[in-house]
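There is one chain below, alone, in structure tokens, taken in the form predicted alone.
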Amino acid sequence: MNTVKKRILSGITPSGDGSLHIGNYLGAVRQFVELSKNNECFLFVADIHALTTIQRKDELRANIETLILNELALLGDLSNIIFFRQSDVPMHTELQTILNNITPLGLIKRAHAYKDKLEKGVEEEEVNMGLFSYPVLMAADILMYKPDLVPVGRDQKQHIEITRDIAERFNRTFKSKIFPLPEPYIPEEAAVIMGTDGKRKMSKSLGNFISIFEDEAVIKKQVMSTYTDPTRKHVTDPGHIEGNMVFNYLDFFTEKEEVMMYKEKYRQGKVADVEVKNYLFESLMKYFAPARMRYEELKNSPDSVKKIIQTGAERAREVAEKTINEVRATIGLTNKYSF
């Protein structure tokens, strides 16, 4: 029996240096690839959002280019994915401006991004309007495509709640049903991916990550620094699996039977930390080999990448133009002199 395709939308901001690590892959990309097999998916690079924190031209440009290559290499098959840049669809910012006019100030003041800045000691006068109105642009990003589901982490659930509040307020204000209320998609199995230090969420800013597209020597060094069992002094000492980040990662990237074998040997003190770390490194190289090959091919073919981006933007604009025309007509911007 054929299931009805749902429309899925997700965006990723080119923060940091734009590169993705295994935490990004496990926490977001992998789920999106799986969802795209049976659904219509929109995935965009949220380059306008990045302006809230990156205001150096060369840095922003490099971040965007790096993120595009990383995403395309990991996604592979784009048959059910419309991949585009936010800035190539100007209707996003037009809808944000319209939504600004029905969004209560108090709702945005409760947003995490704004509150976090203030709690970290940043003066209110130093918070730029882009960061303050970030949730409204995010609402415009989402509502533009009328998705059924929006994959997010638990820490981003508030953004979907704000989007729903804005959509409800718009529909009520203009007595319309233009915007269906999107649902957050938070898969139970998508737990927070801990970093190589075993203490905090994997993050480039914390330096506790494992790269995907860096040189093998860099990745090996990152793997070798991964937290294992601090109570284990000798190879022959029984080792603990719980909280051991090497085995946490192996569970995702290797065959279950092989991991079970290594876990048993580790518990019995029959395998060294360096051996299981080498096994993790080899497993990662094998798992990401197709993506690393695509990355090099795309990097050496900028025209091919540009064509993918252009095609995605054209398809996204078709949907966005239909929505924005509905909005204009609903609020009264469309009149007898419109063309």
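Just so it is clear, the model here is predicted, and its values are computed rather than measured. Quick note: we count residues from 1 along the sequence shown, nothing fancier.
There is also a form predicted together with ligand TYM; it is not shown, and the following applies to it.
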Thinking of Leu9, Ile12 and Lys201 as the candidate spot, does ligand TYM come within 4.5 Å of a heavy atom on all of them in the predicted complex? yes
Sort through 150-158, 218-226, 116-124, 259-267 and report the only stretch with a non-hydrogen atom within 4.5 Å of ligand TYM in the predicted complex. 150-158
Should Val192 be classed as touching ligand TYM in the predicted complex when contacts are defined as heavy atoms within 4.5 Å? yes
Heavy atom to heavy atom, is Gly27 within 4.5 Å of ligand TYM in the predicted complex? yes
Contact test in the predicted complex: Phe84 vs ligand TYM, heavy atoms, 4.5 Å: no
Is it the case that Tyr134, even though its partner is missing from this view, gets within 4.5 Å of ligand TYM in the predicted complex, heavy atoms only? yes
Contact residue in the predicted complex, chosen from Leu99, Ile142, Ile210, Leu250 - any heavy atom within 4.5 Å of ligand TYM: Ile142
Find the only residue in Leu95, Val89, Met138, Val246 having a heavy atom within 4.5 Å of ligand TYM in the predicted complex. Met138
